[in-house]
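A single chain, nothing else alongside it, follows as C-alpha cells in the form predicted on its own.
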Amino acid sequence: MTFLTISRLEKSFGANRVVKDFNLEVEKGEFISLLGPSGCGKTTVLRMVAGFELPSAGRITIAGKDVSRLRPNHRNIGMVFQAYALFPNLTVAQNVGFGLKVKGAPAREIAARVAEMLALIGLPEMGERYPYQLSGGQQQRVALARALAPKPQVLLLDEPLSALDAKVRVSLRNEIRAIQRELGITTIFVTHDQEEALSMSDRIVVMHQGVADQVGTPFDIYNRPATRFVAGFVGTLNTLTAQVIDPASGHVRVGGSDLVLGRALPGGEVVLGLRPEMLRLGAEPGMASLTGTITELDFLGSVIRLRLDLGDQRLAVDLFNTTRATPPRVGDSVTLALDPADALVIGA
C-alpha cells in the first residue's frame, strides 16, 4: 500500500525550474534513493518533503494526509544532514533526546528512549560524552539516533555519508540499512554516489535536470537503463558507434567486427552500450565476437581492467583476477566474447 505520495511536484526559484513534474509513490517501509549529479534537484525534492521548501506546484501526502503546506515540525519526519548538525553544548544523550524534550515527553520516557536508541546505534556507553569527543562516524550515528528517537513516520537522509572516509562510509551505510530494516521505517536517501544507491536501496530514482529520468530496482536501473543519461551515469559504460548492416536481424558492424543482436534496429548508425563486465576473453560458441588491441592494463586487485582499440573506437573490459591465468599484455590482439542480449541500444 502506498504510504508516501508525491504528485506533480514542481519547484522554481525565480525563472529557474529546479524540479519539474516529479512523481513518486513509496510503500510503507521502503528504502528509496534519489540519485543524480549536483544540481539535478534531488535535495530540493527532499527539502520539500521535509517542509523546508514549499512546492511551487503539486502535492505531498503521508499516510493519506496532505502535508504540502504544513510546517516541518507538524509532519512527523526525522532528518539526518550531511554535516551532523549536533548541538555542541549538549551531551550525546541530550542530543538524542532533544526532539522528545521539545515535544514535552516525560523525563522517564526520554531516558528510556535515549537508552534504546544508543543501544540501537551501538554506542550505549557514550551518552555522557560531547560531540567533539566522537569520531565523524560516531557523530553521524548520534544524528541518526536523534532523528529516530521521536518515532517519525518518514526518515530523510541528505547525503549523510559524504563527509566520512571510504571505510567508515561503507560500514555506516550497512548499519543504516540494517537499522532501517529493523524499524521498518519509510526512508528517502539522497546521494550522488552510485555504489551507495545500488547497495542500499529497494528502488532508485535517477534524477536529471529536475526530472525523474527512471524509477526502478537497482538491478533494473543498472541492467535496463531507460534513457541515455541513466545508461551513462550509473556504472561504467562503453559507448560504441555501430553501422547497421541488416536492420531486421540487428546485424551491425563495430570496428571491423560483425555482431548480430537478434532484434530489429533502425537503419544507418546506432550507439551501443556495453558494460565492461559483459565481455570475456576468447571466442565462445553461440556468442558474438569483437577483436581489438590492448592499449592499457590496470591491475585493481580483484579486477583487471583492459582498454582496447577497436579501429577508431575505444573499449574498457573488466576481467576477474585469478591466480590460474596469466593476464594478457599491452599490445596483444585479443578476441572478446559477448552475449548479444547484453548489448544496450541507447540511441541513433
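Start at 1 with the first residue shown and count on from there. It should be emphasised that the depicted structure is a prediction, and the values quoted were computed from it without experimental measurement.
Another form exists, predicted in complex with ligand ADP; not displayed. Remarks below refer to it.
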Looking at 58, 39, 311, 29, which is the one with a non-hydrogen atom within 4.5 Å of ligand ADP in the model of the complex? 39
Answer for residue 24 alone: is it within 4.5 Å of ligand ADP in the model of the complex, judged on heavy atom distances? no
Give a yes or no for residue 326: in the model of the complex, does one of its heavy atoms lie within 4.5 Å of a heavy atom belonging to ligand ADP? no
Does ligand ADP come within 4.5 Å of any heavy atom of residue 68 in the model of the complex? no
So in the model of the complex, does any heavy atom of residue 16 sit within 4.5 Å of ligand ADP? yes
Testing 276 to 284, 311 to 319, 40 to 48, 290 to 298 against ligand ADP in the model of the complex with a 4.5 Å heavy atom criterion leaves exactly one stretch, namely 40 to 48
